[in-house]
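Structure 1 and structure 2, given next as structure tokens, are two forms of the same protein chain, each shown alone.
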Structure 1
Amino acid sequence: MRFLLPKDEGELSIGIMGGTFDPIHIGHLVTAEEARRQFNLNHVVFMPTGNPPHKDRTRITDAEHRYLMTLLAVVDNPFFTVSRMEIDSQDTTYTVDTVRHFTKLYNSKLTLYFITGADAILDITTWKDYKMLLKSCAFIAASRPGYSFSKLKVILGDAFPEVIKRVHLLEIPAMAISSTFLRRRVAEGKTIRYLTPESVEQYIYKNRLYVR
């Protein structure tokens, strides 16, 4: 099954929120909702990664579990949806290919944003076809309060001007929560209540995910 948005909505403004979502947590949801409101997005599409190029695939939870947890987390928000596009792909998945897919599908009717963490932007010059990616969509970079783009300027060097004009900073207090933190708490037998939706919490316990 491949995700499709209705083509009869006229002009569309869509945010793609990519991530392993291993597991999805409150920080992801708060970020998506704040991005939707601040940038007047019609929809936010959660895109669980399939075969990410920058992570050790042997340490990532099965894609079907990650997809189902994401689906459980967003089901009560009519502006959120989940795409299987990347997890159904047998190839290594790259952001530029996902963006090309949406751009081709909706052509000039689409204004596209890619929602990610501000720290991920520090590595954007290592992403596949990053210059083409910057031309195809804008970025919403979610960060903790007080984050400055000064570090970005130092790391990106000559690439900074072309990157920064396509990046919008979005301050999210809940970004202090991470999937790594949740996995560690589950492994240690600690509660993750209120750190992720209850439905996701119960799914994790039922399927014995992240236990040692």
Structure 2
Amino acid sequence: MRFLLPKDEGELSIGIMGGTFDPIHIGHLVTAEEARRQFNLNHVVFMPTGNPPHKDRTRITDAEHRYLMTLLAVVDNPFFTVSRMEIDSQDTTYTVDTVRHFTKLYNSKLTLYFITGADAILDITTWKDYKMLLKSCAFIAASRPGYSFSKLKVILGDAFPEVIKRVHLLEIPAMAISSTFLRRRVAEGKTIRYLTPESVEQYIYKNRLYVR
């Protein structure tokens, strides 16, 4: 176990929020907080993805930076924590492996949700062992501008009825922002103030991330 969760809580509801978090922004944080409140989660575990295989390294910021920015962003929320599980893994980790790991740790005491944006859930049938994954945990899909729930229901419901049954839709205040948008703004010398916590903003400047 590479992060701290109380051991003796009895029944636990945990949401895992996976992402590259390159960098983390308020869209991620609002999604996690709304999921926690609406689904009565005891904890949300942010799970930054590991470094991709060598050839892709240039396209994604080193995992240690992404981990530290995520930690800075969640540190003031007692219900949020960050896991090093995927970034410390020697191999590529897939969500199905991560979920299996959590399920083993807590056995039947655990209700597990995987939290994503509506865009990510549209890809789910391309994820490793997605049918197994959907058996192991339910999904919470947050609204994201550009991805309508009704379209999502039609696409997934028609083609993959087993998917839509396991996906809970979560309405959050619309935030048309992405990490790509923040990276681009930093590269262009524009401010990212209020789009991410100030500590993350300062970390980005201090380490000269995303400058061209």
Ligand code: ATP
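The term rigid core refers to the most C-alpha atoms you can superpose between the two forms while keeping them within 1.5 Å. Residues are numbered by position in structure 1's sequence, first residue being 1. Everything quoted here is computed from the prediction, not taken from an experiment.
A.B. asks: Between the two structures, is it 1 or 2 that corresponds to the form predicted in complex with adenosine-5'-triphosphate?
C.D. replies: Structure 2, which is the form predicted in complex with adenosine-5'-triphosphate, differs in this respect from structure 1.
A.B. asks: Ala159: CA shift of at least 2 Å between the two structures after core fit?
C.D. replies: For Ala159, whose C-alpha is compared between the two structures after core superposition, the shift is 2 Å or more.
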